[in-house]
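Listed next as structure tokens is one chain, alone, in the form predicted alone.
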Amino acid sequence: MISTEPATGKLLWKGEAGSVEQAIDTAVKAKTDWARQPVGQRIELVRRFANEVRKQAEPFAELIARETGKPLWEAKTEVEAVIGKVEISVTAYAERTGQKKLNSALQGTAALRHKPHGVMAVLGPYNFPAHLPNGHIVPALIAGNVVIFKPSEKTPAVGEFLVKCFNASGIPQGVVQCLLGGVEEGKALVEHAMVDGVLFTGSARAGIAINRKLASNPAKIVALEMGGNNPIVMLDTPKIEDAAATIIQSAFTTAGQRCTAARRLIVVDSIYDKIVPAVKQLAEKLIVGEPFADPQPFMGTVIDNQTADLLSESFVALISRGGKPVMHMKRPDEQLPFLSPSIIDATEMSDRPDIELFGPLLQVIRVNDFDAAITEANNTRYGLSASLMGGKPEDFERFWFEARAGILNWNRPTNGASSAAPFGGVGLSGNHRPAAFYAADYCAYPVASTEMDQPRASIGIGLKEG
């Protein structure tokens, strides 16, 4: 296996694919001791992990920037999110999986406690190769699970670095492992009989394949965090520049490689001639460059040349279907995956494809009114994130009620999601197991019990005399 820097094409890392069987064997041997650790001890160790990441913050951010191609400023925010996830997860575990007891003199004690599932497989994406898998790993560890983490084959170096931080903090190597590999290793891990749960972040295609493979095995917990064809609905507002900046942040942050990125800008007629030129004007000013450039770029590369090729082909395909280019997608160097922000008016396009184009490509759709805008926003099999720009409080109330998504924002970007809230969607965006603050829910299962220190019972009816 090798990993190259998208921005330069230089070799960054090389290594060997790991053994699924060996990783499973190690995890199974470690799971009982880890589960029996007091939760306070597990929390203390993940807090030490946060301190280890703090100590390694600078080289960690540099590695993320080099392996993903994202700007250094953004890589630094990812490292901060890794650190912040610990305390959020501690709070979430207490709130979502706390213990309860109800005492009764005659009936004993009714209790609610939670158990870990056991061996959890975490499959990570390349766009946030540290933060997103970490959002599964930390809650799983607090709950008492052991974790086998398979990073994306496109970002193995970051995955390896993350796990080294866990192990350096005193969490045993058998409790958190990094399994390097590609699709075959991922499939083998998902299907393995000794894996008790699969926590996945990635494309709908891969998530559906996992769901289909495990459909006949209800014993295995499966949490799927997938993509979106996310809309911004644009109503009238006097704040054109602010709205344009919010749209830019939604569509082009991380070069459009966020599952919550805006893919569709749905604009009512009355505001179209104001907002679309404003978005275009601001998009033309965005700096696209290598991660360590000075001044810092707004956007870096997409993940690799294959992805850049597919996005460039998709832009041309949308035009061939009737889309009108507002801002052409440009690729200054065919050998490197830098792409400029691009905008297409898809209003007259025949049969708009309901797919997640994972890059800096925004489709604009013009509609007559708010009714048509909501209908168009829901014209997707996905349902992750949606934003309403402009309008009045009663408009957002209606949008919240009628729009179909797990994240609904008003005058905020589609990618404005809080780690202190649940994160997930409906349709092809997830399987009703939201992550972030609700990750605790899929990392442990509730166990109800009634308890007495001595047996006390009698049968008062239905017995023969004598």
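Sequential numbering from 1, following the sequence displayed. Because the structure is a prediction, the values reported are computed rather than measured.
Just so you know, the form predicted in complex with a small molecule exists too; it's not on screen, but the next bit is about it.
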query	finding
The small molecule in the predicted bound form: contacting segment from 388-396, 368-376, 222-230, 332-340, heavy atom within 4.5 Å	222-230
Partner contact for F423 in the predicted bound form: the small molecule, 4.5 angstroms, heavy atom	yes
Heavy atom of F252 within 4.5 Å of the small molecule in the predicted bound form	no
Interface membership of G159, the small molecule in the predicted bound form, 4.5 Å heavy atom rule	no
Partner proximity in the predicted bound form: T380 to the small molecule, non-hydrogen atom cutoff 4.5 Å	no
Residue (of N134, T301, S152, T246) lying close to the small molecule in the predicted bound form, criterion heavy atoms within 4.5 Å	S152
Interface residue in the predicted bound form among T237, Q306, S203, T77, criterion: non-hydrogen atom within 4.5 angstroms of the small molecule	S203
